[in-house]
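Only one chain is given next, in structure tokens, and it is the form predicted alone.
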Amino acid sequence: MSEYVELKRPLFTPFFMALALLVGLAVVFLAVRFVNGMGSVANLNGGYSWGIWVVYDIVVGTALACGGYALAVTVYVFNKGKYHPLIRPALLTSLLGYGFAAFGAFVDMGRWWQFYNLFLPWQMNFHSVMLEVGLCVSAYVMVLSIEFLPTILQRFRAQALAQRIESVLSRALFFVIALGILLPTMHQSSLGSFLIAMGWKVHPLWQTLHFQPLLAVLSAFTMGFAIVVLESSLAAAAFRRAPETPLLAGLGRIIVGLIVAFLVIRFAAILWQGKLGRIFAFDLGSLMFLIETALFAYPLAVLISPRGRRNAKKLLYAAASMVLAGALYRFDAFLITFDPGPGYSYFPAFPESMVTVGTVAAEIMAYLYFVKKFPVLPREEHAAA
């Protein structure tokens, strides 16, 4: 008997149909964007060459999709097999997050019809940080698809073709998993390097002694574990399943160590650079930094206690706070406190915002489809054990 099971619940619920309406509205605005150009739906300008699409889909979205990455390191590198029941839901959320991030990058391309140039060596700009990000994200989507393929094949295991494919995959999976650990490490650190490359345009509180690549990887790891806890907790509540608190408590302990490492490195860099006074300047950058730090501090305060980690509700709140903290850290650095120079301002247009909302709705719809039609979630007895 497999340790995973499909839910076999009705798919077309009122909630699912409401999500479909949001996706439909986003599709309408995307059609306008592709026919009439970027300026017809977005408030981008010479100072802000990227907006909410790039920052949410690529910068924040890929970090939110690091659950598979974080668990792969935990299970396969550190040999913590007890967390294996959480692998498939984490891989699904990672595949959806990275898949929609790649789609978001395509939507944000000015000359989208030439997207294939990214993969042609004679067209590549090897001086661009974003080249490595684009190539790694594209490769990682393929890696995640291969890692998730056994979940699809399990439904068709009685067929000879599915058995042959599964046999080939079982022999090559160790190589695929190794790539699945390497690629996110590379492109998450490159997103941090992007902040270094932007120089003075990045607020001093987020321009920290070239530690941005390390901080980007640490925040991605932490958000990855937090999103696993959040997804598991919400799934348990939504589908009336027994909470996987015994497993999630262990992840909470890992989150504590990662938050401590992140905050120590960040504050040490700020102190070394003599920027401590900027934290209390009470301007926009100072305010966002304090909110961000409070969101990091809350899960640290909750999860540092064994009692807090064993409480399902506190685990859920702590994970939600950690996800918001990591997302805000990236939004602050790349958009909210970003300063391209005098004369430029940016606020997302209504179509931009609705495309982003539609993207989130599409991810949720895809998640509901897969968990209801394929063996993604662990059997309740395996999660409890």
Partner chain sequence: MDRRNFFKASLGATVASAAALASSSVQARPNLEPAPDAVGMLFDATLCVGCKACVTKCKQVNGMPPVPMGGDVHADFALDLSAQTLNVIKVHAEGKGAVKDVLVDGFSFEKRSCMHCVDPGCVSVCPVKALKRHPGTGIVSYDVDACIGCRTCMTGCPYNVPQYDYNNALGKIHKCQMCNQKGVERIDQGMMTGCAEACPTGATLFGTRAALLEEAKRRLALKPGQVYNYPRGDVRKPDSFHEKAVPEYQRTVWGEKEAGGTNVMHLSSIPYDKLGMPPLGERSFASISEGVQGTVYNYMALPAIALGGLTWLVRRNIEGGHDEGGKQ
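Just so it is clear, the structure is predicted and the values come from calculations on it, not from any experiment. Positions refer to the first chain, counted from 1.
Another form exists, predicted in complex with the partner chain; not displayed. Remarks below refer to it.
Enquirer: Tell me, please, which stretch of 256-264, 298-306, 277-285, 82-90 lies within 4.5 angstroms of the partner chain in the predicted bound form when heavy atoms are compared?
Expert: Of the options given, it is 82-90.
Enquirer: Just checking whether Val28 would be counted as a contact of the partner chain in the predicted bound form - the rule being heavy atoms within 4.5 angstroms.
Expert: Val28 lies outside the contact set for the partner chain.
Enquirer: With a cut-off of 4.5 Å between heavy atoms, is Met38 one of the residues that contacts the partner chain in the predicted bound form?
Expert: Contact check for Met38: yes, within 4.5 Å of the partner chain in the predicted bound form.
Enquirer: Is it the case that Phe156, even though its partner is missing from this view, gets within 4.5 Å of the partner chain in the predicted bound form, heavy atoms only?
Expert: No, Phe156 sits far enough from the partner chain in the predicted bound form that none of its heavy atoms falls within 4.5 Å.
Enquirer: Whether Ile196 contacts the partner chain in the predicted bound form should be assessed with a 4.5 Å heavy atom distance threshold; does it?
Expert: Contact check for Ile196: yes, within 4.5 Å of the partner chain in the predicted bound form.
Enquirer: Pick from Ile165, Ile152, Ala139, Ala178: which residue has any heavy atom within 4.5 angstroms of the partner chain in the predicted bound form?
Expert: Only one listed residue qualifies here, and that residue is Ala178.
Enquirer: So which of Leu290, Leu161, Val77, Leu271 reaches within 4.5 angstroms of the partner chain in the predicted bound form, heavy atom to heavy atom?
Expert: Looking at the other structure, the residue within range turns out to be Val77.
Enquirer: For the stretch 44-80, I need every residue with any heavy atom inside 4.5 Å of the partner chain in the predicted bound form, listed N to C.
Expert: Those in contact are Leu44, Asn45, Gly46, Gly47, Tyr48, Ser49, Trp50, Val75, Tyr76, Val77, Phe78, Asn79, Lys80.
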